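Single chain ahead, by itself, as structure tokens, in the form predicted alone.
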């Protein structure tokens, strides 16, 4: 009986690796398996953690807050402050105003924040809670001081993804707390908007590159220290972030530069179209060519020249690419992740002669598809690449088994399908709870290009050493 069951299981597994099963898998409509994205409030939380003294506040259940905290903590291995107003069944029937007012009162008295950022979960959105009105009533009932700064955003979990929530919260900060623009006067600051980025090393790299050009900048938001704080033996609930004064002065910026296009769509429209502030959006500067474009955009926006130290860095990145080119050239890759990350990674691979074959973007849209397809068409190495918007990792599993590649690139959620396909995996993106310190290594800028080349080439070399014939096992590679 046991042998019969084993044989049956094996036959099903073999059938699931066929084109016939792939067709059925891609035909499913009502089920998502491992979508490689999370919901809007998570992105709103990240945005809120980047404002100095800010306490993120979920208008929703405790379970939502616990999920967001645990995920982020496991990725960056840092404590994450976040509260909720504990909505339960009665709030779902009678509305969540009482919860929000009591929650604001308790959070203000207990945790003494300088500012709070309130965002909603799906429960609050389904019943149609009016957060703006509730916050006003909380002030009237003296649950919080009348002048206590609060930003809020609607972040329904059942639509969009974490990048949508990041965008909504960031726009909420500007709409709620930024002072009106004062005519043509500017504060002389370039506001650098990193987008949804859980690599604090990336944020430090942006700051280093921009300030090395002598540009006066503010990062908005800046969760660098919240995601990677020093161990001092003393717990600090609030790590340094974007100062309140610089948030309030944001609409007097000399310009905005958005490091991600698809996680800041609404904020960018608000800055460009409503506030009429000079702004640029760049492809995430992953790889040498994308970093070149980023620095040239900075030069064009500010007139500042690119210093010799960055030219030397570029030279070292080019040297690293030449030294490791043979390990990546011609290799086929599958990858998944957020739209901005994928655009950067595909550009990097094309520069290295890598062949992106399957590109799965659960939260991609048509503008992303067109931009990615144009990028693929710009290189002979992109001729066989295909974009899959709205597909999940179970779709990607079918692709890996029917049209194999040499490496999978993505976050830790892909480790099972990489194992099923018997291919190596490069862990890049969010979320990475099964490896340490990857978020502490930048993947942007020239140093990030060197890091990616090193990671991917060495994974291939490790695989060759592990699987090569005995006569090929040697010290020289």
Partner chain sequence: MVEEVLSVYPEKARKLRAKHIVVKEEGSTCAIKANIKCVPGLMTARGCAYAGAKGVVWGPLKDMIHLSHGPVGCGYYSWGGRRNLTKGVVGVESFTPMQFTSDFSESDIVYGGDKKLEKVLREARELFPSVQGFSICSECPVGLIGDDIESVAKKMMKELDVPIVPVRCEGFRGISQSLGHHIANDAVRDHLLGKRERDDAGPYDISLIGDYNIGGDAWASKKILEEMGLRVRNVWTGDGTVEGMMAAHQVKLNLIHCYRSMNYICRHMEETYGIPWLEFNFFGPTKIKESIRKIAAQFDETIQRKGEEVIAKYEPLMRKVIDEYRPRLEGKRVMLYVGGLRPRHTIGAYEDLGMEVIGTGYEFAHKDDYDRTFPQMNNETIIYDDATEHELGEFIHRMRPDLVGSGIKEKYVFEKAGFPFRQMHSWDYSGPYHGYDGFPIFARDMDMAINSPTRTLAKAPWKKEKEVR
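It should be emphasised that the depicted structure is a prediction, and the values quoted were computed from it without experimental measurement. Numbering follows the first chain given and starts at 1.
Form predicted together with its partner chain: not shown, discussed below.
Only one listed stretch (353-361, 152-160, 215-223, 258-266) carries heavy atoms within 4.5 Å of its partner chain in the model of the complex, and that stretch is 152-160. 233 is the sole member of 183, 180, 303, 233 with a non-hydrogen atom lying within 4.5 angstroms of its partner chain in the model of the complex. Taking 74, 208, 132, 276 one by one, only a single residue has any non-hydrogen atom within 4.5 Å of its partner chain in the model of the complex, and it is 74. Contact with its partner chain in the model of the complex holds for none of 187, 293 and 322, as no heavy atom of theirs lies within 4.5 Å. Residue contact check for residue 15: one or more of its heavy atoms lie within 4.5 Å of its partner chain in the model of the complex.
At the 4.5 Å threshold, heavy atoms of residue 24 reach its partner chain in the model of the complex. Contact check for residue 439: every heavy atom lies farther than 4.5 Å from its partner chain in the model of the complex. Although the partner is absent here, residue 467 is not a contact residue: none of its heavy atoms lies within 4.5 angstroms of its partner chain in the model of the complex.
Interface residues of 122-139, taken as those with a heavy atom within 4.5 Å of its partner chain in the model of the complex (partner not displayed): 122, 123, 126, 127, in sequence order.
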